[in-house]
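Only one chain is included here, represented as structure tokens and corresponding to the form predicted alone.
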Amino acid sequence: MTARVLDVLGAFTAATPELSLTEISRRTGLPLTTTHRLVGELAAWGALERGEGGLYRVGLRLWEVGALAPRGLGLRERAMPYLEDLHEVTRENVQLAVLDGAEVVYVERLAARDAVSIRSRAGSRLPATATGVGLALLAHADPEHVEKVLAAPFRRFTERTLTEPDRVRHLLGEVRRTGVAISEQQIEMVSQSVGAPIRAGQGRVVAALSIVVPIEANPHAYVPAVLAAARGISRALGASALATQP
């Protein structure tokens, strides 16, 4: 029963946020009668909502439950003042993310009207090896976990997306040395990101932030501001000043 409910919820994606009963049935492989019953129960609880056209979408009740996740809620609350400062100073896209397996989950994103377009949004996922936040997180992750990530197939977004494990290993070494990750044209050819790790008590890396800027910009010009924001959030999470140094 639980697996079927999760299958129904998993049928919705960023590309297909609204689905009919028939589409949900086809995507999940469940009989239409079963789909009708499960969708009805989820809608009654608030996990799904039915629009005017008869299509279903994810309901606000799921957002309310998801906001209780400890890695998202406390982190976001402490990080927001620093994210807003970074956004205000640069007028570029600013992101906050955590590592989940081989992907990063974006906890927050502040978008600027005239900034370069980006794929991420709050709650979305992208491969860790192709993002500034992901590289910042993998650089400080358990080596066994990193090797597991590098052993899996790589998803290519552009001709610049890294797909060779050795190149990723080299880049992760540079991130550890400099304290900052620069990911150029891996997700979009028009943009690049500058990311830095965020630490909590005892210096443990728990998240990362990044700024996404046009490819024409000099990414190194943003490094001081990104590092300052990451250190501020780290101190707010209980990390010592020494622990936040590269």
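Owing to the predicted nature of the structure, the values given are computational and were not obtained by experimental measurement. For every residue, the number given is its place in the sequence shown, counted from 1.
Just so you know, the form predicted together with the DNA exists too; it's not on screen, but the next bit is about it.
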{"item": "Heavy atom of residue 48 within 4.5 Å of the DNA in the predicted bound form", "value": "no"}
{"item": "Any non-hydrogen atom of residue 180 within 4.5 angstroms of the DNA in the predicted bound form", "value": "no"}
{"item": "Partner proximity in the predicted bound form: residue 42 to the DNA, non-hydrogen atom cutoff 4.5 Å", "value": "no"}
{"item": "Proximity of residue 204 to the DNA in the predicted bound form, heavy atoms at 4.5 Å", "value": "no"}
{"item": "Three-residue site 4, 37 and 56 fully in contact with the DNA in the predicted bound form at 4.5 Å by heavy atom", "value": "yes"}
{"item": "60, 221, 32, 189 - the one with a heavy atom within 4.5 Å of the DNA in the predicted bound form", "value": "32"}
{"item": "In the predicted bound form, the one of 228, 21, 237, 9 near the DNA [non-hydrogen atom within 4.5 angstroms]", "value": "21"}
{"item": "Stretch in contact in the predicted bound form with the DNA, which is absent here, among 194-202, 181-189, 23-31, 208-216 (heavy atoms within 4.5 Å)", "value": "23-31"}
